[in-house]
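Only one chain is shown below, in structure tokens, and it's the form predicted on its own.
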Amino acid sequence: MADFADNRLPVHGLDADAVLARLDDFAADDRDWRGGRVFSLVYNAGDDVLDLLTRASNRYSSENALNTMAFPSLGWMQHDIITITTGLLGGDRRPGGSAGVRGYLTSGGTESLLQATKTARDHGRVERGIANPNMVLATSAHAAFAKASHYFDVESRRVPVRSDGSADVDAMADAIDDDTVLVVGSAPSYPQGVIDPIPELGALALERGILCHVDACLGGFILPFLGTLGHITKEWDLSVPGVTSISADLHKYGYASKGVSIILYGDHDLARLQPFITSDWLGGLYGSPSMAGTRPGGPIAAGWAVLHHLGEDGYLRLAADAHRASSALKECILSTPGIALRGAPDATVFAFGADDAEPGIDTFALGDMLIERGGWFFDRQSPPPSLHATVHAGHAAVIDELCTDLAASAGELARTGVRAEDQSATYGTI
């Protein structure tokens, strides 16, 4: 690993090759995501797509989407991304079609969920006079909602999930009161890959007169194609009655560069609550659609480019590859003594670990051994102790090798009873 001891600004700058060489040195201990060894954080659609993303991003590496009057191309690309996403996420199947749907780009799923919460808080203030808002969501809903709760002073009411990992609608109904501004569903949830009962949550929101957000940040760019292929039959998108907003990350199964996400609102009046606008300073009218002021043009250009490069047939091919790889890994887990799936995952994201019915394997020791045996990296999560797998198209070529190593590792741990010294589970780091 590179030496960071001399962290002062160099008196004399290095030439470009020397700087790039140091970057290569820094990356020596990074995980091999290009080789399909990482089941988290990065989504790989192949070298040709990576090359396109790099070229598109580089063309807009200096442009700033803060002001699209200066860079109208970025405004046009954002509009095109939002229009395409509206069609994918059921906006054109709402009563009256997509005419009322409005949306914005954000820097990622966390920011989209922050915006959904802030918009719900403001809607509760304006339309219902709520001073102390709360939102109701399952324990499987993303941690970003806890951040939103902290940032925007919206009480978070977490409700335990059912045995299959899905949101318990009846328990969520019991948690709602007159100050509830938002009900949340996931499609799918991050921890166990389960699509919540969105039609029931939407109906609950309609009955109580509150907003309903679907967090499809993880599934928004694969579930539509898995549906076309016949692998998903659940209803989950903006076409579901009662769903008022939805988010999807283009940099996940859309295979775009980090970071670009989309949040859509089913009603333009609701969407108007998201942007911030002021003229209360000496610099003129300031308006921003999301948290950031300056917004890099590179991710926007790369997101637009990959949508038009892959097209529907490309995304169907990638979804088929991801589904095939995830099905093979699930089957391997189900057929390996001592380990089991968590919950009832619906798509290509799931968690697994020691089988409670057959104690003997330590889940995190299994994760350690997979790293040692083949460099396979899975996020750790808890409770319960689990290894998390986000399976994408880039894993299709190596999944058989992983299954071999997984079965061998589980067998060795069953014999030896080795436990991991580190039993912590970390999703994000500081």
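Numbering starts at 1 and follows the sequence shown. Quantities reported herein were computed from a predicted structural model and do not represent experimental measurements.
Heads up, the form predicted in complex with a small molecule isn't pictured, but that's what we're talking about next.
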Select from the listed residues Gly124, Gly254, Pro345, Gly109 the one whose heavy atoms reach within 4.5 Å of the small molecule in the model of the complex.
-> Gly109
In the model of the complex, the one of Leu113, Val101, Ala205, Ala302 near the small molecule [non-hydrogen atom within 4.5 angstroms] | Leu113
Quick check: do Phe225, Asp321 and His392 each get a heavy atom within 4.5 Å of the small molecule in the model of the complex?
-> no
Contact test in the model of the complex: Asp215 vs the small molecule, heavy atoms, 4.5 Å | yes
Is there any non-hydrogen atom of Gly220 lying within 4.5 Å of the small molecule in the model of the complex?
-> no
4.5 Å heavy atom contact, Asp237 and the small molecule in the model of the complex | no
Looking in the model of the complex, any heavy atom of His142 within 4.5 Å of the small molecule?
-> yes
Testing 245-253, 291-299, 327-335, 74-82 against the small molecule in the model of the complex with a 4.5 Å heavy atom criterion leaves exactly one stretch, namely 245-253
